[in-house]
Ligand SMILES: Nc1ncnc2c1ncn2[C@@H]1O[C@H](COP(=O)(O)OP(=O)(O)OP(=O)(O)O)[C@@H](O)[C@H]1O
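In structure tokens, one chain follows: the form predicted alone.
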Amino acid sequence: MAVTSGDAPEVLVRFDQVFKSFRTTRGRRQVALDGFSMSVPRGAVIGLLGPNGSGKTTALKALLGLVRPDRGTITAFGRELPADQRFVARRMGALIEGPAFTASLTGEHNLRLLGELHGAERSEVADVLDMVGLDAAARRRSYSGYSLGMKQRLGVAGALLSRPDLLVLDEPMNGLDPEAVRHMRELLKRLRDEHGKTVVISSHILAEVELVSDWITIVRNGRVICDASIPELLSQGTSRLVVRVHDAVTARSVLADHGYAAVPADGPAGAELQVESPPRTDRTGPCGSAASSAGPGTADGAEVLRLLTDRAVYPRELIVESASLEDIYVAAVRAADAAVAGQEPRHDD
């Protein structure tokens, strides 16, 4: 079940003002989570985005009970953590910092041993291997002979053996070649669409996360700076109106007389102007100030065309370019960086 902007999805996991710091080898305090708050809607693929060192892995480890927060609240499946960690753990599967299996055994043998810990039957091992597309290779090859992509998929198969409702994957596409990335992307979609899983993936590769995710959470400096569905994010982005004209000087003058800013740009054929209406102050979005500072309001194409043709300036082309997720991500990160300008980086995964 994909999450759309009109849905009010059930929240499966919620972080509320979670803080976590560590002591370095030199005894200095290093903050990893700094008021981290996010929600995980049921039945979606959630992309946890942020640069290396932003706090993504620490947040996932806190959810899995691998680290204990200093303060704040984490709830999952209606239970509070870490008090009910044992109950919650039975409903989650995870792959954190890469899979680890016995190199000399086949993939199937490795999973059978792991399945014994979860009380999984051999038929269930066969089912998860088929689910990740390793049913044949896992029987005839040892783990040491697997490609990186096959190892990652076997790791996902291992995480599925506990029959989880929630699957947590840390950088599952890191280091994979394009074909392996495609296999992983298709696998995540199948887990959502055909098996009803909720999947959280952390990554710093925005393009891949955008292709597979329904919901995006952007993390910077240990804080969540954006937490919304992709349709909601894109609907709040600022579009650009690009106008291609022969007489750019006159066009800029005409538009300036009516409150429009026309910024010259290098076009493929002749003069190109990026037209912006006066900044809107009423824009609010899922990224808060980051979204509202993404740029001025979108210029009205019909109005711009009328103004120019009234002055005998005839555009060759008018194009509305919608804001991409990358534009929104960059705007959100820049706004977050501006808020902590002058401070040394304190966060680490």
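The structure presented is a predicted model; accordingly, all values stated were derived computationally and were not measured. Position 1 is the first residue in the sequence shown; the rest follow in order.
What comes next is about the form predicted together with the ligand, which does not appear here.
Enquirer: Though the ligand is not shown, can you say which of Leu64, Leu318, Val313, Val31 has a heavy atom within 4.5 Å of it in the model of the complex?
Expert: Here the answer is residue option Val31.
Enquirer: Ok, Asp227, Glu108, Glu171, Asp214: which has a heavy atom sitting within 4.5 Å of the ligand in the model of the complex?
Expert: Checked against the cut-off, the match is Glu171.
Enquirer: With the partner removed from view, which of 34-42, 47-55, 300-308, 319-327 is the stretch that lies within 4.5 Å of the ligand in the model of the complex, judged by heavy atom distances?
Expert: One stretch meets the cut-off, namely 47-55.
Enquirer: Would you please decide whether Phe22 lies within 4.5 angstroms of the ligand in the model of the complex, comparing each non-hydrogen atom pair?
Expert: Contact check for Phe22: yes, within 4.5 Å of the ligand in the model of the complex.
Enquirer: Go through 80-100 residue by residue and record those having a heavy atom within 4.5 Å of the ligand in the model of the complex; state none if no residue qualifies.
Expert: Stretch hits: zero.
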